[in-house]
Every structure is written in C-alpha cells, then in structure tokens.
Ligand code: NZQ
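Below, in structure tokens: the form predicted on its own, a single chain.
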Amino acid sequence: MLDFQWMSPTEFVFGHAAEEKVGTWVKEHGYKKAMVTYGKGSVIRSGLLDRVKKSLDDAGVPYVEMGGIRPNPEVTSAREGIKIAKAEGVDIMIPVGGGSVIDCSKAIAVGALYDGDVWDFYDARIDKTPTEALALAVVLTIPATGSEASNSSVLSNDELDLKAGTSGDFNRPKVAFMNPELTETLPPYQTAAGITDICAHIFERYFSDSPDTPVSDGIAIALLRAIRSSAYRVMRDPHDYEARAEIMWAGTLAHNGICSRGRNEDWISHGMEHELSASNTKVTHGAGLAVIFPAWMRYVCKENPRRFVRLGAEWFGLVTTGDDLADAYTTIDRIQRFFLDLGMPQYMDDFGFKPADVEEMIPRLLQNRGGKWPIGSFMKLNEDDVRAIYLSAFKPADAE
C-alpha cells in the first residue's frame, strides 16, 4: 500500500426533504450572504429552487442568484459569477443541480478570492493551484460526477476548445444536501449516463500501476455491485427510492477518494472523453465514457489482465478459464454490455465524430496532461497508443 494523505470534510444531509434544511444549516454555521447557482430550468420547473430559497428566507439568510449554467460548464459563466460574488460580498456558494452547476460554482468559489483569471487554475501550462475558496453548500440533483464531495472541478473553454480540471481540498464542499427523490424525474438517458460516470470514477482508481490493495479494492468492487443491482432496478422503476438512494450514495463514495487510498490513479480515459465533450457540448460526459472506457480497456488489459479477471469474477460472477487475457476480454465485453443495457452508446460515430477528428483531439489531450508523453498509470501511453484507442472506438466496417 502506498503512503497517502486524505481528508473528506464534507458533511452529508441525506434523505427525504434534505433540501429544506439548507437555510438552517447556513445560518447555524455563521455565513452572512449566499449565492445560489443553477442550470437552465429543471430546478425552477420542479419547484426545487423555490424550496431552497424559501429555506434561506425562513432562516433570514440573504442571497443573490445566477442561473443558466450549461452542461459542460464554460469559463465565461464562472467569470460572470465571480464578478457577482465579489460585488455582492458573498461568503458561501449554494449550487442547486448536478456536476456542471457544482463545478462551475467551485470555479466561482476560488475565483472570488483571486485577483487573476480563474482559468489560470485550469490551464495545465500555468500549473497554478489555489489555496482558498468560498464555502460551498451543495444541493445535488444528479448522481454522476461525485462533485458534491470531490476535490476536483472541470471547466470548458470554448475559445480555446479545451476542457480541463483542477483539484485540491479547497474544492471540497462543506456540506451536501442529498435527497434521492429529486432524481426521480431525470430522463432515463441522464440516469444511465450518471451511472456510467460513477462506474468510471471507480475504474480510474481500480486500474493503475499499483499493487493490489485489499481494502480499497474491496470498497471499489462492493460499490460496483451495489450500482449494478440498483441500476437495473431504477431503469425498470424510476420511482424506486431505495435504488435511487443507493446510486446517489455510491456516486459520492466513488469520487471522494476512498476507493483509491494506497493506490495511484489513472484518469486517462476521463481525459480522452473530455476531448469529446469539449468538441461537442451535446455529448453527455457519462455517455462519452461508455464509449471510451471499453476501448481503453481492450487496449491496455494485456498490461495486467488479472485485474480484469478479478473484476469479472467478483462483479459479474464470471467463471475463469485459466486464460487470463481471454477472461479479461470477456470481462470488458460484459462491462460494455452493462452500459448498453442502460441505453448508452457504443461508438464515437454515435456522436457524429469521424476518424479524422482524432488528430485534433490528441494535441489538446496532451496539453491537458502536462504536455509530455507518456501519459497514464495502468499503462504508459504514447501518441500512437492514444490514437489507436480513439480509432478503435469507431464502428468497425463489418459491424451491423
């Protein structure tokens, strides 16, 4: 087991009507003025935003608002929010939504205490890390990114055609209000993409160049079992509260760091997917991962097929044959079948990409990974490796 230092300071208020407790929590913890952020309408139509604002009004907490944050949030929204936060003297951010709203709010939280451009923290060439941020109190509506308790944030920059992240414990929210009932109105595709994203967060930690770590590995596999069982239930019955609750809590634990204590992490599949959703903002992150991750797995599994064999046996109950590489490929096929069962895409063609687009993605990927080959942990990848993985994610000429 590798040495590590880890903190998870987020308080969780989980369960029915959790969102109605926001105002009391903010008041009791001494914050003076909030900034409520949200997306493009669903929290308004559902009445959730009004319930959150009522809780603030009832507690006597003043607030300002900023809506319209898009999926794959763009840095201009963060810059706009920073101006508001500074002008209004905000000391706590209250994002109401999923990972996009939360990540944009994290950017506002660090930018509000910084004199330069917030993109400085996301540009790998600058390599600048903030040390302070406004507090965050999250009201989660989509279990997917795990941003409600993670130390990371991702932003897009349309002008530069980039999607990049920053990480550090300054990013971790003070509290997350999590009511599984809020997820019952999510479209099936959005639910499935969130489940895929959650699985991918676990994969990035399970697959690395580190030796086996029984505790962290056991947590990862237990989460995957619970996710798979609950996923099939919730796709059959979107009002299954217990399944929704299991998925929501698993999404938090998948990305707060507990699955990787004592291990390195990889994150190349996430980086490769970011180039898809940076190029086409209509690509849902989880759906992109459903395409990229199996392609990456098939390419790298020869490095350590036993990791895949164990996963197949313990997650899907696959019987081993003694041929580790063959069993690894069987496991990967089952993983992709699981994603397809949920309604996720299989090929980059499904998003409208063409093989020629890959040549534009590779330089951006390298820039976001520090600018030097090789990249990755489970298998060290060079430019040709990355190109081969991307191209393998297109539909074969002989596929039906």
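Given the structure is predicted, the values throughout are model-derived calculations rather than measurements. In case it trips you up, residue 1 is the first one in the sequence shown, and so on.
The protein also exists as the form predicted in complex with the ligand; that form is not presented, and the subsequent description refers to it.
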property	result
Residue 185 within 4.5 Å of the ligand in the predicted complex, heavy atoms	yes
Contact of residue 154 with the ligand in the predicted complex (heavy atom, 4.5 Å)	yes
Distance check, residue 142 to the ligand in the predicted complex, heavy atom within 4.5 Å	yes
Any non-hydrogen atom of residue 71 within 4.5 angstroms of the ligand in the predicted complex	yes
Whether 51, 55 and 238 all lie within 4.5 angstroms of the ligand in the predicted complex by heavy atom	no
Options 58-66, 368-376, 354-362, 40-48; stretch whose heavy atom lies within 4.5 Å of the ligand in the predicted complex	40-48
One residue of 111, 257, 98, 312 in contact with the ligand, assessed in the predicted complex (non-hydrogen atom, 4.5 angstroms)	98
Of 150, 77, 269, 196, the one that lies within 4.5 Å of the ligand in the predicted complex (heavy atoms)	150
Contact set, 260-293 vs the ligand in the predicted complex - heavy atom within 4.5 angstroms	270, 274, 285
